[in-house]
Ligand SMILES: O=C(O)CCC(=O)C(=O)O
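Starting off, we have a lone chain in the form predicted on its own, written out as structure tokens.
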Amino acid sequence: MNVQFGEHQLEMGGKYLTELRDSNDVIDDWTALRGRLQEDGYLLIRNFHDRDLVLNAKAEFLQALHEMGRLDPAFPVEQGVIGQSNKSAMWGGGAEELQDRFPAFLQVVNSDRVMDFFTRLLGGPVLTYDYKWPRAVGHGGSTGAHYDIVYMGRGTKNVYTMWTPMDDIPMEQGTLAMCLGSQHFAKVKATYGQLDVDRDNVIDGWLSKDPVDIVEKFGGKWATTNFSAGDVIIFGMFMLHASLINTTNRYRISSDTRYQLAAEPVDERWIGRRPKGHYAWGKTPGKSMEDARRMWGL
């Protein structure tokens, strides 16, 4: 099977792309889960969320897309068929902003199940960033390869992202992909991994839009899979990740949410009643990633 990843058609099982492995085999063994996270750089857990709750959240986002005029009126709203404008959507904001519009979504990502899991995984009481990142990706949309640390690195570095698909999402709809071994790319971590997009104003923050470029220059291999509603993938701040191209006529709806030990320093941009978010990034002409990479020797 070939999938569209950046400008490339990559073969699943070929040189550049393989299948993610799930960690359901060790789901009740916290020592093993921590070891798997250290070894693989991620935890893929099938059926982590209640599927019905996730689909309720999906319905909220589809209704929002309908009200925005983003869906094709020839199809039922619940199918999520992309309208003529083919515009993606991002509903990033704090709990105060999201509660009225997307209560089912917050019920999923702030659930007792989620908070208890991270408490056990990290070994103490945890908090979740008040700011959340739900989004709908249109046809042809994708995300370039990046570390999350460049967007949220002002507190502890031990922050974990949970990516939640809000539906059954096959690879052709633009699934998330991990660059295996990238948490150990020493030079990338020491250069790109020290970037702060608000301080340094590098234009898009993505290390590369080309997944083959990453493998050829730094090593590793990309991995993805077909996801079902209820699945999650959890990873740290120094795990390069990207998404495949959405080649379908349906929106890919997913969310990024963050968790850390409550006792550790917190990036102030993402917490509070109305988190300020990126206050400087993109407000003035920025440096290109190409120029930054030349400066870093990458």
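When you see a residue number, it is the position in the sequence shown, counting from 1. For clarity, every value in this text was computed on a predicted model and none was experimentally measured.
Below: the form predicted in complex with the ligand, not depicted.
Contact with the ligand in the predicted complex, judged by any heavy atom within 4.5 Å, is made by just one of Arg154, Arg135, Lys209, His139: Arg135. For the options Ser88, Asn226, Thr143, Gln107, the one in contact with the ligand in the predicted complex, meaning a heavy atom within 4.5 Å, is Thr143. From the list 261-269, 233-241, 31-39, 48-56, the contact stretch for the ligand in the predicted complex under a 4.5 Å heavy atom rule is 233-241. Thr128 falls outside the set of residues with a heavy atom inside 4.5 Å of the ligand in the predicted complex. Contact check for Glu60: no non-hydrogen atom falls within 4.5 Å of the ligand in the predicted complex.
Although the partner is absent from this view, Leu176 contacts the ligand in the predicted complex, with a non-hydrogen atom inside 4.5 angstroms. Residue contact check for Thr161: one or more of its heavy atoms lie within 4.5 Å of the ligand in the predicted complex. In the predicted complex, Ser243, Arg252, Ser254, Asp256, Arg258 are the residues of 243-265 with at least one heavy atom within 4.5 Å of the ligand, listed from first to last.
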